[in-house]
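This document opens with one chain alone, in structure tokens, the form predicted alone.
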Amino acid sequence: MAARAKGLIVLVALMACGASDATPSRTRDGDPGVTLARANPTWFAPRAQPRPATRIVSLVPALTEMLFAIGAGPQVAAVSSYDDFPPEAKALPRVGALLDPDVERILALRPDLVLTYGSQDALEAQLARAGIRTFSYRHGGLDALFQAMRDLGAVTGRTTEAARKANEIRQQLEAVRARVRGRPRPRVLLVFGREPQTLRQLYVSGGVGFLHEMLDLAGGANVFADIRRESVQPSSETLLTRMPEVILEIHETRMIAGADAVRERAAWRALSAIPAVRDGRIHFLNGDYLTVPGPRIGLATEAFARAIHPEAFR
């Protein structure tokens, strides 16, 4: 329970500080005032780019997955406390995460690149003073994911591999879109956090960000598409006005099945007027891959589509 709560705190923190129009990634050298490369591929500082990084510390699970997916796994020296995929990442040293980076341990590993989240300004400043480059990332929509993958390909010397992997993921997403094309688009509530067996502390997807875009590709109409935020905390009264026809609940660390699923569905009975509750269209999706904007995003989008449009996959 504690692990799940901590994971939810981190996810909500990322949702709160991510913005769909923010620069998804940037690379800094040891000077905190110098930006070497931005997400816009048409702009570069007028000087030679550094050599590809060979000792990388990643504090962002999505970026860790990208590194391994583009063949840069051997260049990774350490990962965050939340890195569980791919399996090779589990064997690497852990150096904290978004809220608790272990600066001393990071420095002791003598990295030539540290991957940080965009809100870790203090950490980036410390690393800059130590002469260590940082790659700062903010998640946003799916375009931000593909741009970050291209940027990582550039800083690791894996440009070709990154382009190939990005194309593979785009094909997966297009295959899902094709499966559900032309079908009715039910109104969907996408839940990524709440207290077990209650509707307290409910967190749902708003109308921007990768979860919203995945839902759209999967053939659902987000009931909070008009709210220009990644994360929304709706009241019960608001849910009753939105009247979702399908409820998708993501559980990244806790497996919901059997008796647990019965108890969790019972929590929704207080809102029995909602069509999704009345018609029994509440689906629990299990797995951390569902909330990580990385190389497994195609699989996650297909999981959404299978729950919303099971008939399309028979």
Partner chain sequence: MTVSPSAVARVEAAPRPIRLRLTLTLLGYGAIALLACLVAPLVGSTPISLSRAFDRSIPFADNVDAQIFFLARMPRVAASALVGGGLAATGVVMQALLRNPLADPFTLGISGGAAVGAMLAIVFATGASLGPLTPVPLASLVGAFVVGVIVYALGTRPRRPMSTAVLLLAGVTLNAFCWAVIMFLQYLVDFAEVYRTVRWLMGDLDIGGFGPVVGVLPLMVVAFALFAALPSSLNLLSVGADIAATRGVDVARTQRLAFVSAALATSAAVALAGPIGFIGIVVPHLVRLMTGVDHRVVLPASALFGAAFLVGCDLVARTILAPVEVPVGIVTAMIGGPFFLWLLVRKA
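Residue numbers count along the first chain shown, from 1. All values derive from a computational prediction rather than experimental measurement.
What comes next is about the form predicted together with the partner chain, which is not displayed.
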{"property": "Answer option from Gln126, Gln172, Thr159, Gln233, heavy atom within 4.5 Å of the partner chain in the predicted bound form", "result": "Gln233"}
{"property": "Option touching the partner chain, based on a heavy atom within 4.5 Å in the predicted bound form, out of Pro86, Gly71, Pro196, Pro93", "result": "Pro196"}
{"property": "Non-hydrogen atom within 4.5 angstroms of the partner chain in the predicted bound form for each of Leu98, Arg229 and Arg254", "result": "yes"}
{"property": "The partner chain contact in the predicted bound form: Ala270, any heavy atom under 4.5 Å", "result": "yes"}
{"property": "Residue contact check: Arg51 to the partner chain in the predicted bound form, 4.5 Å heavy atom", "result": "no"}
{"property": "is_contact(Leu240, the partner chain) in the predicted bound form, heavy atom dist at most 4.5 Å", "result": "yes"}
{"property": "4.5 Å heavy atom contact, Asn167 to the partner chain in the predicted bound form", "result": "no"}
{"property": "Candidate stretches 99-107, 141-149, 159-167, 172-180, one within 4.5 Å of the partner chain in the predicted bound form by heavy atom", "result": "99-107"}
